[in-house]
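One chain comes next, on its own, written out as structure tokens in the form predicted alone.
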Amino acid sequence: MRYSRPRGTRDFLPGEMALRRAVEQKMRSVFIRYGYTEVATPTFEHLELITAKSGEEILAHLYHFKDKGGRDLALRPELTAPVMRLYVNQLQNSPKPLRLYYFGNCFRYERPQAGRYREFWQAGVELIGPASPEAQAEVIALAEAVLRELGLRNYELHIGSVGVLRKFLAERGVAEEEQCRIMGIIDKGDRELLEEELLKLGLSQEERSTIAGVLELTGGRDAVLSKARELLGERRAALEELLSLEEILDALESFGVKYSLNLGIARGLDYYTGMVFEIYAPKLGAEKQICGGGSYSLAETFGGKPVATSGFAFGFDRIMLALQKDGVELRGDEGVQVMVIPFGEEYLPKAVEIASALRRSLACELEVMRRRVKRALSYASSKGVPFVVLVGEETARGRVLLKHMRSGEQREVEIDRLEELLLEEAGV
């Protein structure tokens, strides 16, 4: 009986994995250059950690279960909450700022579609400690720097603030729980439902119109900020949030990052408190978002002291799709660089010795199928191996045959110089 993989999951073949690892390595290199260090968390967490800030409604989208001890657990649907749990438990007293980055698989029970899977990968960062405008601006600049390093050309960076509307609602007496629900509706883009819910909360026609007007504001910085101030009028707390956003944008100028100001961004997670941003790859169509982040508050939810935090996460699978759609040439690991083939069993010990020596610096495959040389060469050719070392009677003179597979050229070389010659010809 043949078994199929679970719905919403994928198998990655060697060529695909080589490309994914190459992209991952480029992302890591940028994170490291910005001073971030890597952390990793368990694939599953206590269910209450996941629902603490997102509420019980998230259960429909989780893979959750009881273990043999009766504990409620869930496969992680994202990585910010686990990383902040790690911070509270083990890093809370560390010197600030803390710059942490991560790569990991996540799980959500959703309808699979292009660019959306039930098992998917995230890559992201969390900057813990500083609340300054320049710190938040640097987080945005880091996300953009990653895309430039990868060579992605067609993307759009949109920056907004959930703080403006949260403070607007708070001034009107709307509780935080209700604010989170309203933000979730805004994130889904359901304007009709939003109008209904705001009406239930007792907001006047003018207040509902103000919110609708703010959500429509997108474009250049000066025009959006000017119109937002006009709409908000005398609502001081909301205007203070708008000023905080403006200070972040001022700091961002030094980084040379191009963006659109978009006050309609809400983000789907309840823990965002102020600045938020999203990055879109338009060529991906409906599922175009490849990155999302902002400033948030989570440490106190998990029993820690309040601490300013900002970060973002890339949807790694969508990044891969965006690069392909954009025509970016991806190059993975070169694979096997040389294959060592003995002419017969009597030469196998020497072939093992030579292969072991070459593996200190080269990707080397040893012929272990006991095929005749012709068939082994055919195999090497089918795999695109550029060089073959043939081990035979020449070893008595301290030499082997080195074959260049692309040109067909073959010559005797000294065993002592073999590694040096291969490194030179392979351009390593």
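Numbers for residues come from their place in the sequence shown, where the first is 1. Predicted, not measured: the structure shown is a model, and the values here were computed from it.
Only in words, not in the display: the form predicted together with a small molecule, which the text now covers.
Contact with the small molecule in the predicted bound form, defined as a heavy atom within 4.5 Å, holds for exactly one of T80, Q179, S244, Q337, namely T80. Screening D326, D333, E171, E110 for any heavy atom within 4.5 Å of the small molecule in the predicted bound form leaves a single hit, E110. For the chain shown alone, P342 is not a contact residue for the small molecule in the predicted bound form, no non-hydrogen atom being within 4.5 angstroms. In the predicted bound form, the small molecule lies within 4.5 Å of some heavy atom of A313. Within 4.5 Å of any heavy atom of the small molecule in the predicted bound form lies no heavy atom of R85. Although the partner is absent from this view, T273 stays clear of the small molecule in the predicted bound form, with no non-hydrogen atom inside 4.5 angstroms.
Contact with the small molecule, judged by heavy atoms within 4.5 Å in the predicted bound form, is confined among 352 to 360, 147 to 155, 228 to 236, 294 to 302 to 294 to 302.
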